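Here's a solo chain for you in C-alpha cells, the form predicted alone.
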C-alpha cells in the first residue's frame, strides 16, 4: 500500500469519525422541530460523548469480561468498517479494503457482541432486548445480503471503491437500477441503525425498546464507545446510499482544495439525508414487531426488481 492510498483511506475514515455525531444530532434536531420543540443543539452529541468519557464505569455483579470488552470490540469493528467506505476521495483498493463481504462481517461482529453484552449483565430488560435484536436480525440480515448482492450485480464489483468510481462517472438519476436499489438501501439504513418505525432509539419503555435495552447496564466511557460506534454505523450506511445515487463531489485527486471540496460536498449531502431521516421518522409510528416482515419484504422486492432490470436491460 503506497502513501497516497494510506492518506486517502485515513482522510475518509477521519471524516466519518468526525462527522458521525453531527448527523445524529441533526436527526434529533429535525424530529424535535417537527414536534414543535426547540430540541438539543446540533453539537449536543459531542458534548454528551465528552461528558461520558469523564464519568465512572459501573458494572453489574453478574457481568463478565464480555460486557467489559464489548465496547472496545464494537469500536474496533466499526472503525475498521469505516476504512471501507470512501466519502471524500477514491483510491485503488488494496488488501481487501472496501470489500463488501468483509464490511458486512465486521458489522455483524459488532452486533453479535452487543447482543451478548445485553445478556451478560443478567438484567431482564437486557435479555429481552437482545432476544428482540436477534429475532429482527434473523430476518433482516438475509435481506441485507440480498440488497448488497443486488448492488454488486448492478455495478459488477464487490469493492466499494470500485463501485463508487463507477457511479461518479455515471448519471445515477438516469439509471433505473440505481434508483430502485436506493429504496432497499434506505430501509436497511433505518433497520440497522434502530430507528422508527423499527425501533425508537430515544425510548426507555421496557415493552418497546430494542437497541437501548442492551445498553442500559453501560455507563461512563463504555457507554460513550457504544453510542459513538452506533453513530458511525449510521454514517456508514448513509455514505453507501449517498455514493450510490448522488456520488457528486467524490475526488480522485489528493490535493487540499479537492479534498476540502469533497468533504464539504459529503457534509451537505449527509445533512440533507439526515434531515430526510428525521422527517421520515416524524411521519411514522413505531410498528408492531410482527409487522416488520412487511417492511423487510419491500426491501427484498426492490432488490430483486433491481436485478431483473439489470438482466433485461
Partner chain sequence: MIMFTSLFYLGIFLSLLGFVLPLLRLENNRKAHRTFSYSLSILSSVSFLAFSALVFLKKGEYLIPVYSNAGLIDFTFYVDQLSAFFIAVISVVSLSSAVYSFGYGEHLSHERRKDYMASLLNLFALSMVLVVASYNTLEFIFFWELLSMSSFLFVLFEYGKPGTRKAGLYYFIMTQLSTMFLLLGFFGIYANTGSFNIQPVTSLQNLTLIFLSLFIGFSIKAGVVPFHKWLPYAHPAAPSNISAMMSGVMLKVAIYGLMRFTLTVLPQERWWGVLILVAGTVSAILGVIYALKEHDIKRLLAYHSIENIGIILIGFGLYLIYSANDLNELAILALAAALFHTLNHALFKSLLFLTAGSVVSATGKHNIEEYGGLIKTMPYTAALFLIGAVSISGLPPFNGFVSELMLFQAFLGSYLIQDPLLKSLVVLCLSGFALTSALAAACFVKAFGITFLAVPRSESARDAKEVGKCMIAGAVIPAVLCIVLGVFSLQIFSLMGYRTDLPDMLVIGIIMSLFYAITYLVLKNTAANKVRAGETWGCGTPLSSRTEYTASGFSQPIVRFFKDIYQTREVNERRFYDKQNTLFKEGAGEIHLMKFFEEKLYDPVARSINYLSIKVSALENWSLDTYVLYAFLAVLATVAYVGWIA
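Numbering follows the first chain given and starts at 1. Everything numeric here is computed off the predicted structure, so don't read it as measured data.
Separately, the form predicted together with its partner chain exists; it is not shown, and the next lines address it.
None of 137, 175, 182, 92 but one reaches within 4.5 angstroms of its partner chain in the predicted complex through a heavy atom, and that residue is 137. Not displayed here, its partner chain is kept clear of residue 170 by more than 4.5 Å at the level of heavy atoms in the predicted complex.
At a distance threshold of 4.5 angstroms between non-hydrogen atoms, residue 121 is in contact with its partner chain in the predicted complex. By the criterion of a heavy atom within 4.5 Å, residue 79 is counted among the residues contacting its partner chain in the predicted complex. Interface residue remark: residue 285 is not counted as part of the site for its partner chain in the predicted complex, having no heavy atom within 4.5 Å.
Proximity to its partner chain in the predicted complex holds for none of 4, 249 and 259, with the criterion being a heavy atom within 4.5 Å.
Note that among 241 to 249, 269 to 277, 34 to 42, 64 to 72, the stretch whose heavy atoms approach its partner chain to within 4.5 Å in the predicted complex is 64 to 72. Contact annotation for 103 to 125: residues with any non-hydrogen atom within 4.5 angstroms of its partner chain in the predicted complex are 105, 106, 108, 109, 112, 113, 115, 116, 119, 120, 121, 122, 123, 124, 125, listed in sequence order.
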